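In structure tokens, the next block holds one chain alone, the form predicted on its own.
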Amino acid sequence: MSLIIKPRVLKGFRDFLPENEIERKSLTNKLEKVFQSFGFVPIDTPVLEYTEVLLGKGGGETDKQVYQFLDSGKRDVSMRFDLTVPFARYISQHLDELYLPFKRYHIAKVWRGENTQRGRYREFTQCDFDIVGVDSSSSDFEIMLMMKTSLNTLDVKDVTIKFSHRGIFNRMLETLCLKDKTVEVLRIVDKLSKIGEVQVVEMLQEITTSENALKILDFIKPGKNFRETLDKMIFLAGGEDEDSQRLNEIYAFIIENGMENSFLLDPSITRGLDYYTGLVYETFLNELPEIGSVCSGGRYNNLASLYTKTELPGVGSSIGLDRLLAGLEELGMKNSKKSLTDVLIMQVDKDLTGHYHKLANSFRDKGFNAEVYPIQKKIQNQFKYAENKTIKYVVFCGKDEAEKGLFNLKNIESGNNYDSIDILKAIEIM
């Protein structure tokens, strides 16, 4: 007797049934159109990278989450944990084949061995878009504009895009003589929305004085408006500089485009990853902020320095597709079940099978997705199949109709029947 293996998937990994995958594909197709409308081009990179290439010098929190192993050739390899680091390697390696500035998008799966929770998995899809080769307020703002446009295109409009500047934050830490503890402070501040002010201060007090901890807390609290917030940031960081000027320019663009209600200067936004050097962004669903940021990113002017001496400043953002879908489902905004098939040709006469496929091709030639039921079964069984796939239209065609080049069409949703029509009439109806 053969042993049956129990079918199961690893924790943090998932199968996707057709209705879920149809929705995911629909969203990514819409995003691709947005990215392309801004002049971005698609790329792809391998799932596996040499660990040295992927982790650089190592030693950070991310290292603990990476799926790392020796392959069959005893090479030390790792699965990509995001799409930004592989992109830095990619552009450094192919610099002679590309042009600058280079605007790319990349929609693909990544893997992190982290604790699973609502909207957070170990295998998940990121939708990245980046501009590399230029450091300007225009490129920083274009990424912010793409974030808003992308989410609006997905009918996700009740959101707030929070932004800040890591350069100003870093200068503030220097005034407190905490430059050597920047990474630790960043990781703590990045947890503010999850653990609250009291715990943040307690954790900061473990690495610095109580006075410094309170000054950091004061810095990351936003003011009543953009001007008040920025003025406080400038004061605590020791004065004006090019970073604060960049924020002023960005805000002027926001005002000029009438989008001030969608963006909020929030100095608590620091992003935990230490490769960010300038503007940083996070996006929250206003009705469900606790699920975390659904679109994040920032400027990383030194990331490619691991792989090349050529200066390659970059800025970008990433939509976490799985977290976004989890949030939309919780808010009751998930799309209703949809079918990829527009019309099903019913199998009512086995001798007409070839004609049914010819008829299906006629619909496809007109831009409709059509399929032929593969065997002759009871009509109610074929109807059940159409209903299960949420196919809107079905076609009946017997010998008499076939000889005349006609058929009968039924709209399953409305129950309307259209008898003895041809393909052109059917297209008008559909």
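Counting begins at 1, following the sequence as shown. Just so we're clear, the structure is a prediction, and the values are computed from it rather than from any experiment.
Another form exists, predicted in complex with another copy of the chain; not displayed. Remarks below refer to it.
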So in the model of the complex, are 13, 22 and 306 all sitting within 4.5 Å of another copy of the chain, heavy atoms only? yes
The chain here is shown without another copy of the chain. Which stretch in 213 to 221, 69 to 77, 323 to 331, 276 to 284 comes within 4.5 angstroms of it in the model of the complex, by heavy atom distance? 69 to 77
To verify the annotation, which of these, 195, 340, 183, 201, has a non-hydrogen atom within 4.5 Å of another copy of the chain in the model of the complex? 340
With another copy of the chain left out of view, which of 128, 243, 266, 135 would have a heavy atom within 4.5 Å of it in the model of the complex? 135
Can you work out whether residue 373 and another copy of the chain are in contact in the model of the complex, taking contact to mean some heavy atom pair no more than 4.5 Å apart? yes
Spell out, yes or no, whether the shortest heavy atom distance between residue 90 and another copy of the chain in the model of the complex is within 4.5 Å. yes
Is residue 318 close to another copy of the chain in the model of the complex, meaning a heavy atom pair under 4.5 Å apart or at it? no
Is there a heavy atom of residue 44 lying 4.5 Å or less from a heavy atom of another copy of the chain in the model of the complex? yes
Across 340 to 358, the residues having a non-hydrogen atom within 4.5 Å of another copy of the chain in the model of the complex turn out to be 340, 341, 347, 350, 353, 354, 355, 357, 358
